[in-house]
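Let's start with one chain on its own, the form predicted alone, as structure tokens.
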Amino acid sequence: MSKFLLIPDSFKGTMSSEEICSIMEKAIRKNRPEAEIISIPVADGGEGSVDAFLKAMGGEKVTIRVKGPYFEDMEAFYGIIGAGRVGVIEMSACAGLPLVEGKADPRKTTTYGVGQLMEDAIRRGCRKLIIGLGGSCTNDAGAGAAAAMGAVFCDKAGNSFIPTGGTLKNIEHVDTSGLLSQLKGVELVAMCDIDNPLYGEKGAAHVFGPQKGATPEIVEELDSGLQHLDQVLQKELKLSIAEAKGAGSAGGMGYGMLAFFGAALQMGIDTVLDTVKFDELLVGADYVLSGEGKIDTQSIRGKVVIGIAKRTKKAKVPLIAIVGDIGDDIEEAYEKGVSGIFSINRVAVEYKDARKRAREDLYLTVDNIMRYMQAIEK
């Protein structure tokens, strides 16, 4: 009996990871009804991360009232997985871009609600938190989340306030003593798939600010605020982490996770693989099927397929990547452990047309691969 592990990323804007797993399984079952199939939906830390973990491991989805991007009351959620000691939070649940559609302004948005989700998970007994950094509408470097967890930010006059991207420049003093007491004995891991620094031309504001509604003038204002916060924390907390890989992720939330919470920044796929105990599931596997919307040179820097390939190569298990599109110069993917790459764009049409038939084409592509396997294994 063959054993298959299915662990694809979503095809952004087309199919969720869970949906892809279901279609893959259907095609495999048609050809090998007796196969053992283990599905592990994947999300990169953005929208869908909580549901992906819950689908893969089981657990509870918790919904609570928190503050939204503009400090409005809203319902948001997180997951408690496994034996109930691990909380999974996606910051996009209460600080995501879709929540500010048509009114985006990263000078005014906050991660305060993210801190409320973290605090609630700890209060319910979680001793490890996995925080997904992705899809944010914020640029406050996690100061809002820190404030929700007990950090106190003061201006020149000594007045406390909750900083946003546009008011980071007003911070003169930070007291983290209340925050640290809550985090005692809690392990924090932040899922982060980019390596941008906190500020500068490759930093949070310049690279990601425009997609959050920032004009060139606002980008400069936000970048200046991030620099100011870093200067304050260098002086008061003796930190020098602005250049850390991933510090600029999610409007500087990567920096905040390091500075305020002492979290480890880890590639999203590595966090997923470790949490679901992928290496154990890999034992005895005959094939692993993964995929993403497009595999290209950016993928090779450490996205889902390549993160999986590093482990399948070590275990000597074939990895088949099934993707929407294949870019140029991806030969390195094979060196890193990918056995074969197949596009589901069977009739070579543009994306706007390909997405309409993506589900059927995915099924037919996996079916085609299975037919070939059957032929060579006879």
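Numbering starts at 1 and runs along the sequence shown. Just so you know, these numbers come straight off a predicted model, no measurement behind them. Rigid core (definition): largest C-alpha set, two forms, superposition within 1.5 Å.
What follows is about the form predicted in complex with a further copy of the same chain, which we do not show.
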property	result
Heavy atom within 4.5 Å of a further copy of the same chain in the predicted complex - the one residue of F153, F261, F278, Y287 that qualifies	Y287
One residue of A309, I320, V50, I28 in contact with a further copy of the same chain, assessed in the predicted complex (non-hydrogen atom, 4.5 angstroms)	I320
In the predicted complex, G58 touching a further copy of the same chain (heavy atom, 4.5 Å)	no
Proximity of S39 to a further copy of the same chain in the predicted complex, heavy atoms at 4.5 Å	no
In the predicted complex, Y70 touching a further copy of the same chain (heavy atom, 4.5 Å)	no
Touches a further copy of the same chain in the predicted complex: G324 (any heavy atom, 4.5 Å)	yes
Heavy atom within 4.5 Å of a further copy of the same chain in the predicted complex - qualifying residues of 342-356	F342, S343, N345, R346, V347, A348, V349, E350, Y351, A354
After fitting the core, E60 CA displacement of 2 Å or more between the shown form and the other one	no
